[in-house]
Ligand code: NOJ
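A lone chain, given as structure tokens: the form predicted on its own.
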Amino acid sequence: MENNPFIEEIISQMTVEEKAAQMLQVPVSVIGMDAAREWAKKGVGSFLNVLGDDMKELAEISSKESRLKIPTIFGIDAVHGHCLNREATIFPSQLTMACTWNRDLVEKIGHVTATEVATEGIQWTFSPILCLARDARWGRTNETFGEDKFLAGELGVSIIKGYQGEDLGDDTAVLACAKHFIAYGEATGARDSYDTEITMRKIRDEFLPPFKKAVDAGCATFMTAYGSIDGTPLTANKKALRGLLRDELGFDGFLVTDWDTVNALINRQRVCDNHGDASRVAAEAGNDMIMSTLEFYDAVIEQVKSGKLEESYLDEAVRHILTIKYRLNLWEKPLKQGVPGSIGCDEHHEVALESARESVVLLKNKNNILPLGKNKDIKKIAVIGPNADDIRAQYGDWTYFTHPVPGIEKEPQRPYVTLLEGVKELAQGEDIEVVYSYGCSVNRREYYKGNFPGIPEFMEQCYADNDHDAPFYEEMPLISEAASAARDADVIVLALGDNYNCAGEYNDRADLNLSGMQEALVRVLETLHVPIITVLISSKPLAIPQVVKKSDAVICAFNGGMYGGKAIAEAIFGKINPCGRLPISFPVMTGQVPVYYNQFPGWHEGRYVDCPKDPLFAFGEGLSYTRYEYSDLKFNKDTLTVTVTVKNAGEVKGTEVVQVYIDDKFSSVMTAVKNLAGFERVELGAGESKTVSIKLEEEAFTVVLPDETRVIEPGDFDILVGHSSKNEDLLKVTVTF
């Protein structure tokens, strides 16, 4: 970090108390405005979750009434749009964004989000999350870019560029925050904030690459993880924070803890027994800003004055924070200006629609039942299911529904389009009747309280072997109504999945099967012998093999944001040609996880006795209304460039995602059967061919040794190129280094 005379002069004037305050981030939504005003007078470094006039007042106090008049940074969780403001543009979740495999679009999403956040005056978003979701039971799977380090790194860099722009001082640029450092998603049993039983070699090999790319891209802030590595909490982990992030990667921004993790050293992880020790440990480990642990202030002051903590640790942290404030030009503009009138504007909504369209993943299309339309002789569509008309489920986590801030209502704000609304709109143009029935709840505790006809005999027979508990009987009238609505339909559009009560922090799952009575709903609808198009609106992959078997078509939509329903409907009716690809694998059953594609070799027999080895749907998978053919694969060892010819062999234009994988055939330590090393999207008209060139990174051929060094070992490497991570979708050429 550069030696800035302006910053050094400020530090030289600061008292220990002012340095401690500068290291603190205060949650206004927790303590209220009266207390926040007092913190502003003390010169607190940052405020969290405050908007509007309250934010402007606190900025005024910090910049004019604190002794040194150091401006404060305001932070908010704008993780798929400025979603805590219900007026803002709400994008697909990060996992859903990853289905686009589109670097440029993700950068555009970042820029729109930054513009709207900055227009509110805020300078900092806690995004992107660069953890890997290799066990879908983890509650925060929806916040990630999926299971792969290369894809997460590429899309992470894109959204960081979108947030930060060319200059942090620009009115539409905000600070990005790469989180959570490090290996947070790999916690044992997918238990959020739990211990991670992996080695530093494994961290360097699998989990560090996306964060390295974030550092190289100039990401201004990082956030430490809640959890621990082999028993050492990340908040106290000098090797990870100072050794790996600062010294090795060269990170020169500032590092913030996650929510109250300094207190967690005492009350959850039990590695400290008092606030003084916890505060000292956190400062010595390299944390610059302490989120929400207000006890840190008095405790760290006492630690310095008693001689237990060197004041230089506070100087270092404050230097990091003030340098980023200087880059933000906060002394000239204490609040961002943004673009007045841009929050939720039509131009930004178009980007939300584009991102929803490109994230739709078609996973099954039996007998080309899709797309629908007059040519398929469709007169009536039954839209069924709990997620067909539920905007909360479509939005997912981290919106004004799930994380409200003071002054923001939780009622749904238009515009948005649910799946039901999208189908109705397009069906009207095709002269197709649409009927709707809720079907059943996602969670059994959400029973519908209306009046319905009795349970018909055929449904009792269908479930003669089912456990007839009270919840089942309460939901049977709903399922009965759905069956009646769909009985004379030409096709059923069935929207299943989860909702925000099933995902996020504190919401890890032990069972990835469909919750509630959704499986029962599918089994009843199957008896009608009406074609079923299943749409999965969920926060993560679910174990749905029987649903897939009983469905004629399957679409994965995850959490598509404000126009997710419109995009799905357009795919169903052929208004768009689906081009999304999975960034994460689907298990056949819960006990099969983790089922990520880049497994190690060596498993005896390569299967469970009661479950196949392969996932239900593989990383990179996704169908289209056309088909693509690959040929003439070549690799130039001197330039590390792959070339391949791709042909659209169908009758409609489409976009293919060309994927490059590398298999290190033999090495001194075990390596994955393949790793993604490159990808490019290519648009092709019907019958059109293009030669695609993809330059690979040298790191794609490296291995991390037991001493934690990274090298290229001599030997053979298979270069695999094609449509998905599945071997049958890939061409191969072998190169020797």
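Numbers follow the displayed sequence, beginning with 1. Since we're looking at a predicted model, the values are computed, not measured.
Here the subject shifts to the form predicted in complex with ligand NOJ, a form of this protein not shown in this document.
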Heavy atom contact within 4.5 Å of ligand NOJ in the model of the complex, the stretch among 218-226, 166-174, 293-301, 98-106:
218-226
Considering non-hydrogen atoms and a 4.5 Å limit, which listed residue (E354, E526, E481, E505) is close to ligand NOJ in the model of the complex?
E505
So which of I61, A672, L48, V704 gets a non-hydrogen atom within 4.5 Å of ligand NOJ in the model of the complex?
L48
Taking R140, K179 and D258 as a possible spot, do all three reach ligand NOJ in the model of the complex with a heavy atom inside 4.5 Å?
yes
I'd like to know if F126 sits close to ligand NOJ in the model of the complex, meaning any non-hydrogen atom pair within 4.5 angstroms.
yes
Could you tell me if W398 has a non-hydrogen atom within 4.5 Å of ligand NOJ in the model of the complex?
yes
Do D77 and ligand NOJ share at least one heavy atom pair within 4.5 Å in the model of the complex?
yes
